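Here we start with a single chain on its own, the form predicted on its own, put down as structure tokens.
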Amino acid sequence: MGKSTYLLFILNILFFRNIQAQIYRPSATAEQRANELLATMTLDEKIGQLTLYTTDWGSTGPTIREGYKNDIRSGACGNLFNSHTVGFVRELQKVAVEETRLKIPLLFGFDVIHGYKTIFPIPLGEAASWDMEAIGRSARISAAEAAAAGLNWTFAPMVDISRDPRWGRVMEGAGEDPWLGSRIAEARVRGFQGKKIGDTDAVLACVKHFAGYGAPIGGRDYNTVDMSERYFRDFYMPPYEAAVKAGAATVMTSFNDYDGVPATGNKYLLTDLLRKEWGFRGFIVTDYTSMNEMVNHGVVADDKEAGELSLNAGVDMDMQGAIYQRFLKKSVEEGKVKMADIDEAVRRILRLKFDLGLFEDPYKFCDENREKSVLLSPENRAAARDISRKSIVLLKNDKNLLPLDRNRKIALIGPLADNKGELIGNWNGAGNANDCVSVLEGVRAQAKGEVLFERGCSFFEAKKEWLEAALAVAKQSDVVVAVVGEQAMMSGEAAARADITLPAVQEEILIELVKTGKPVVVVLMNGRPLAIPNIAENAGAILETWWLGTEAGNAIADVLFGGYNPSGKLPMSFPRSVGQVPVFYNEKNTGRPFDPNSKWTSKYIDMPNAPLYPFGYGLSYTTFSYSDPKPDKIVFKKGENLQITVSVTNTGSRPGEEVVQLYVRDLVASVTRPVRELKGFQKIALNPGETKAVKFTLTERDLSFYRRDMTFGAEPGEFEIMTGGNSADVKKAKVLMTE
């Protein structure tokens, strides 16, 4: 080696060491450190930070393709998902920080949707609790477990509003209402991210799916979404905005198009709205190969064009499609994308890696002792049991059939009565069905009388001998508890159903059980609202229990025997028939609103317009009465707050919790407005005979909407204020807003 070559070699080493020292200096901001590191990176290494690959965990255990390991070594892959457990994460992180030129640590993501190892109710079920503290606690525990298993990023919360139960992914969201959905989005983001990003009991949140994914035509997953901008902003956008304003670190694009442009290539959504209007500073990741799928959408000719459209629209990270890795360098050379935009995308990702503290300690989420002590701990299971029972909704309770007398002889029947495999539901993280408490186990643990069990039928198959055995134990018993519903994979991604009734064989056995003359309690497990008019008519009592997770059996037994008085309320309307779908409470009036005495109004000729069970509905083992809502003033000026007070009394004989709901209607506006909109709720506990005054504050923003000229604000005029225990059963008062 010549002197000049040697000198250059030494200078390069010193330069690199100096840059490394700057990168790791704790006094600098994440922005400064990201810029300093960015200055040392080749284009290939930059593109690597924009690349996210999956391991082979789902099918072959904790393994990764050798090609992906080589990509990590070369700097061509800067992030992984489906890589969890401390041992596996440490192995892969070691490659990144000990075998690469720049030693940039990896991000590790995973779908921690409703629990990592301790599985909580599905998100739609948790939404039924209307309990923000409980929902936040569930996310906190899920994050702590995920972080203890080596993860630092979750692909949650899903905040898509949906009014169509045919869409299988309603199970992942908060239902049909944007106001409730916004509060839940905030609670989940704060729960996942904890006190601050970088804590070892927290993970980065990822708001998904941006945007409008919950409104596919026909309820078919991945289908087209088509609506006006006003409708989009009024009903579908608020939870995304709330999650971003709550500090969500990342956002995931959706599979659908909006206004003819797929979300992954939609500059209006990703740059104009998300970044410029809302001020989002984190990074945007695609959903699984959604960049590639824009070719099928027909807006680009090939994968290379898809990458260019995505990068220019504002997408920072390519999940699994490998488009950036394969084509982005050539796109830069051809001037199809700007180096400055690539640098900004890399900067966003590096900032979060610095914020996580991975450069100081790339193994900070790899503590075996913490992993052993945190996962599925007794404290976590106790929390899961509490949150699970809060998520149960009592839909019917004729003659106070529930709670059950522990001394009664019970026949437990149905395909889900002694089933653990389905209890953790879809998107169940690293949960293990063997850790679950079955309904049979939970009931037998609390019952004092005999508990007889027969399956009666499978999910889809009936046999004469099964039915005969079930009817025999039913006749021997004092009460029948039938546990029926969907299999976990019947809801979730790619699980749209055109028929949302209970599988026929299960409904048939329920009717046969009713014919025995024994009182029948139906326990439903499902990931979506079901159309169950026959069950609603014939069953004595109905509990909607969703999929509750690890502690399902104990939580259900707590409610069946009265150890916990159910307090859940539906976050999504239950239709009478799929023919009503989409059915939702905050519809707009028409020029010919429903009139039962006139054919020439908006209605069906074969069934009522109203759902079987409306949004916000849920019974208790006690009863509640409401006073009329009392505004603190009948006339108020625009910009002033309005105080609403309603008195609620427990008129029954048991302590109970009630979700007091506040709705508003703008009676005359420049554009049509919903017949009612949720604008507040409070969950209160009342002893028998106790009365509480519940106070709400309405702000000008609560009364604002996108007006005729698409500006956002309130308009003076008359408003109807409504309070009650669900969206259909309310008491009203009128107020007037003036200029």
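Just so we're clear, the structure is a prediction, and the values are computed from it rather than from any experiment. All residue numbers refer to positions in the sequence shown, first residue = 1.
We do not show the form predicted together with a small molecule, though everything after this point is about it.
Original post:
Does any heavy atom of Val251 come within 4.5 Å of a heavy atom of the small molecule in the model of the complex?
Top reply: Result no; Val251 lies far from the small molecule in the model of the complex.
Original post:
With the partner left out of view, is Glu493 within 4.5 angstroms of the small molecule in the model of the complex by any non-hydrogen atom?
Top reply: Because a heavy atom of Glu493 falls inside 4.5 Å of the small molecule in the model of the complex, the answer is yes.
**OP:** State yes or no: in the model of the complex, is some non-hydrogen atom of Phe280 no more than 4.5 angstroms from a non-hydrogen atom of the small molecule?
**Re:** It does not: once the small molecule is placed as it appears in the model of the complex, Phe280 has no heavy atom within 4.5 Å of it.
Original post:
Using heavy atoms and a 4.5 Å limit, would one call Phe255 a contact residue for the small molecule in the model of the complex?
Top reply: Contact check for Phe255: yes, within 4.5 Å of the small molecule in the model of the complex.
Subject >> the small molecule in the model of the complex reached by all of Asp111, Arg169 and Trp427, non-hydrogen atom within 4.5 Å >> reply: Answer is yes for this spot.
Original post:
Just one of Arg389, His209, Arg528, His84 has a heavy atom within 4.5 Å of the small molecule in the model of the complex. Which one?
Top reply: Going through each option in turn, the one that passes is His209.
Original post:
Pick from Leu356, Val393, Met319, Val437: which residue has any heavy atom within 4.5 angstroms of the small molecule in the model of the complex?
Top reply: It is Met319 that has a heavy atom within 4.5 Å of the partner.
Original post:
Looking at 282-290, 336-344, 653-661, 577-585, which one sits within 4.5 Å of the small molecule in the model of the complex if you count heavy atoms only?
Top reply: Checking each option against the 4.5 Å cut-off leaves 282-290.
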